[in-house]
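What follows is one chain in structure tokens, specifically the form predicted alone.
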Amino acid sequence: MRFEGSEQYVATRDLTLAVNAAITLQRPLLIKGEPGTGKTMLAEEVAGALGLPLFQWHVKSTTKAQQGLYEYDAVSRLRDSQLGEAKVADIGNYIVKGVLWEAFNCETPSVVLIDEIDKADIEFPNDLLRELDRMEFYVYETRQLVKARHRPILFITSNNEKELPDAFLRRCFFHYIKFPDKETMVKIVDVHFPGLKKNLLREALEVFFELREIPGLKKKPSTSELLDWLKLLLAEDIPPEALRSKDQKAAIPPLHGALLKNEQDVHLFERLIFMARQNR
């Protein structure tokens, strides 16, 4: 199995090499990068391109590693026992399968996404080391050993909110998705907005990359935010020249709420525009 990109996802050569290296090594692919660079979407596109089922585990701050394997619903069993339900005799009725169990049971190879692993407790990655290495785990309640029929292709994303343990990192193939340059961004936009007028695209990209280069910006606009902005520009039929207005009152681009997401960044940009005009 080799991933060569897809019609809906513009993958650089470095990224396709990383995906295929992880598949060859049978190692999890740990992906980092700015929010909005397509980390989560990558797993979805690989699954679609290779024709494999996808299992997604979106991690939260309260997520425990055990939940990816299975959970024992003791509360439901207690309630059913009080109601005299016959199924109480079989504890297996109260075992809730997790994402990894579903993937291990899959009759074909599959793709598993563990999304934003750094949101969870620092021990979360270490708690999965054995299961990800051996592709098996033990269900103590039913005394059952669950083994993977096929080793899944595993994608793990991180936003660098926490440092991941060295023991976990050793078991992964790592790739950092760099923010797209202008050439790559044009290809990405073309996937979502084929036939977009070149003048509008050129001006929009100039404004977008200038915004990203502003020093002190609290949150740089991402690829997904650029796409939202372009969608609004098209919906409102904003002409290219409006993005470069010389009117003193037009300090920031039209529909800038798609790009700048907090008042500090809006004020910063307005101050820079004002200073630039004062120095003319």
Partner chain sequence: MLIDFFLHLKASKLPVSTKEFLVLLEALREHVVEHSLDDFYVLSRATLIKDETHFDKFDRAFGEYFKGVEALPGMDVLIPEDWLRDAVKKHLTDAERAKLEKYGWDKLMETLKERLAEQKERHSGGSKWIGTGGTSPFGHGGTHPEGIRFGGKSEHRSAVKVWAKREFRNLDDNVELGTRNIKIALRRLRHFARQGAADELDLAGTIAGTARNAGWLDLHMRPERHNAVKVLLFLDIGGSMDDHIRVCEELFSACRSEFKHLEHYYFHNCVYEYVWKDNARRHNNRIPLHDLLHKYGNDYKLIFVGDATMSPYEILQPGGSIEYNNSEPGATWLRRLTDTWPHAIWLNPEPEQSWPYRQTISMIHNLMGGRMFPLTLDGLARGMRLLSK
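Small disclaimer: the values here were computed from a predicted structure and weren't measured. Residue numbers count along the first chain shown, from 1. Each form is matched to the other, and the largest set of C-alpha atoms that superpose within 1.5 Å is called the rigid core.
In what follows, reference is made to the form predicted in complex with the partner chain, a form of this protein that is not presented.
Colleague: Does Cys172 reach the partner chain in the predicted complex, with heavy atoms at most 4.5 Å apart?
Modeller: It does: once the partner chain is placed as it appears in the predicted complex, Cys172 has a heavy atom within 4.5 Å of it.
Colleague: Is Asn126 part of the interface with the partner chain in the predicted complex - any heavy atom within 4.5 Å?
Modeller: Heavy-atom contact with the partner chain at 4.5 Å: present for Asn126.
Colleague: So in the predicted complex, is the partner chain close enough to Glu71 to count as touching (4.5 Å, heavy atoms)?
Modeller: Contact check for Glu71: no, nothing within 4.5 Å of the partner chain in the predicted complex.
Colleague: Is there any non-hydrogen atom of Tyr140 lying within 4.5 Å of the partner chain in the predicted complex?
Modeller: Answer no; every heavy atom of Tyr140 is more than 4.5 Å from the partner chain in the predicted complex.
Colleague: In the predicted complex, which of 94-102, 201-209, 107-115, 174-182 comes within 4.5 Å of the partner chain (heavy atoms)?
Modeller: Selected range: 174-182.
Colleague: Considering Asp121, Asp190, Glu136, Glu85, which brings a non-hydrogen atom within 4.5 Å of the partner chain in the predicted complex?
Modeller: Comparing distances to the partner chain in the predicted complex, the residue within 4.5 Å is Asp121.
Colleague: By the heavy atom within 4.5 Å rule, which residue out of Lys219, Lys231, Lys64, His58 makes contact with the partner chain in the predicted complex?
Modeller: Selected option: Lys64.
Colleague: Is it the case in the predicted complex that Ala49, Ala148 and Gln264 each bring at least one heavy atom within 4.5 Å of the partner chain?
Modeller: Verified in the predicted complex; spot residues all out of contact, no.
Colleague: Does the distance between the two CA positions of Pro194 reach 2 Å or more between this form and the one not shown, the core being superposed?
Modeller: After core superposition, the displacement of the Pro194 C-alpha between this form and the one not shown stays below 2 Å, so no.
Colleague: If we fit on the core, is the Cα of Ser81 displaced 2 Å or more between this form and the one not shown?
Modeller: It does, since the Ser81 C-alpha is displaced 2 Å or more between this form and the one not shown after the core fit.
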